[in-house]
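In structure tokens, the next block holds one chain alone, the form predicted on its own.
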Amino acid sequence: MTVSMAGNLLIAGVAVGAVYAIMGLGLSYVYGITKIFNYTQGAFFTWAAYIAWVLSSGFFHLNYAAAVIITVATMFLIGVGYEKAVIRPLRRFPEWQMTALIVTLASAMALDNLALAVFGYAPKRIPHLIKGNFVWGDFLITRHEVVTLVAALAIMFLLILFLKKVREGMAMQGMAQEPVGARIVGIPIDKMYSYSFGIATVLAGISAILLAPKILIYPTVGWVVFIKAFVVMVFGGVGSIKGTVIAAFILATVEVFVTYYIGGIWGMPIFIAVLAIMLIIRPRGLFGTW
């Protein structure tokens, strides 16, 4: 392996890892606030990719910036609406988290079938955010990968800033750490639940916008990304932002090298194998507390 090839693969792994980190943070975010595992995250990824395709390539051919803004805003409304219409009624019942787990799985399957009915199974593709490459000697990186990495890091920074500095973000942290105490001090629980789903769905949408130009869009594509995001979340430690980000970069880099040298079919098995080894060595993940 040449140094330049290793460097190119490492750069590609870091860019993909940034997207996996955003998806993993969406899963971890909802789990931290609501204590439920949201299976619809993958389906929301799929729908965000299709919405971006419709706006940028399929029908409207909008300016890419406008398509991104509309897609992100739409995903937030979908996430909030889903929580209010589907999750909130379940919270009236005891042991509602287990029921919600089943309901989100059923919702994900329903959304996938709806995507199949609306868009068909023929794969779709959206263009790269920016075309072209950057070349430094033997090292090469696409401009899309640079945009992906910068955008993903900016999103992570804004999310941390939101949790640390914004009142709603601090309230969500309080709910995650001490839900009973949050109720006692008057934190609006319903509003925080809705916001958590809205933010998680936005993260799925941003992940789709950044990753979809590198893959084909089809009705079940979200499951592939969802499984990898789940592995990232567990590998890093459920509820740990730092762990999720580090795990995403590690696993994506391993995936890129394995895919290049062994074959794409081995990417997912290696992902799962690395997670299994981690859980044997450290059951709580890198920085998990549960």
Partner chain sequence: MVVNKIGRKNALLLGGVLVLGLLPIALQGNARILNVLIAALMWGVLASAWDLCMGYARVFSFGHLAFFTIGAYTAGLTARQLGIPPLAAIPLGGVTAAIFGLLIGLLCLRLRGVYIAMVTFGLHMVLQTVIIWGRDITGGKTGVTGFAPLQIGQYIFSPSYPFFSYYIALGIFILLLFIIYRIINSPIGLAFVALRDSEPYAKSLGVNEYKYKLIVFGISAFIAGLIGAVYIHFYGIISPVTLDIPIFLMVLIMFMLGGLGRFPGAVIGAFVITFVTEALRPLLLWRFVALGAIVVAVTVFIPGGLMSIPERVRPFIRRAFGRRHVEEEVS
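So that the term is clear: the rigid core is the largest set of C-alpha atoms that superpose within 1.5 Å between two forms. Positions refer to the first chain, counted from 1. Treat the numbers as computed from the prediction; the structure is a model and nothing was measured.
Below, we refer to the form predicted in complex with its partner chain, which is not included among the displayed structures.
So which of I70, I250, V231, V54 gets a non-hydrogen atom within 4.5 Å of its partner chain in the predicted bound form? By the 4.5 Å heavy-atom cutoff, the listed residue in contact is V231.
Identify, from the list I160, L77, V150, I102, the residue with a heavy atom within 4.5 Å of its partner chain in the predicted bound form. For this set of options, the contacting one is I102.
Against its partner chain in the predicted bound form, would V238 count as a contact residue? Criterion: heavy atoms within 4.5 Å. Within the cut-off, so yes.
Heavy atom to heavy atom, is I227 within 4.5 Å of its partner chain in the predicted bound form? Yes, I227 is a contact residue.
Taking heavy atoms only, is Y50 within 4.5 angstroms of its partner chain in the predicted bound form? Contact check for Y50: no, nothing within 4.5 Å of its partner chain in the predicted bound form.
Should G81 be classed as touching its partner chain in the predicted bound form when contacts are defined as heavy atoms within 4.5 Å? Flag for G81 set to no.
Among 242-250, 260-268, 62-70, 22-30, the region lying within 4.5 Å of its partner chain in the predicted bound form by heavy atom distance: That would be stretch 260-268.
Stretch 28-43 - residues with a heavy atom within 4.5 Å of its partner chain in the predicted bound form: Going through 28-43 in order - heavy atoms within 4.5 Å of its partner chain in the predicted bound form - the hits are F37, Y39.
With both forms fit on the core, has I262 moved 2 Å or more by CA between this form and the one not shown? Superposed on the core, I262 moves its C-alpha 2 Å or more between this form and the one not shown.
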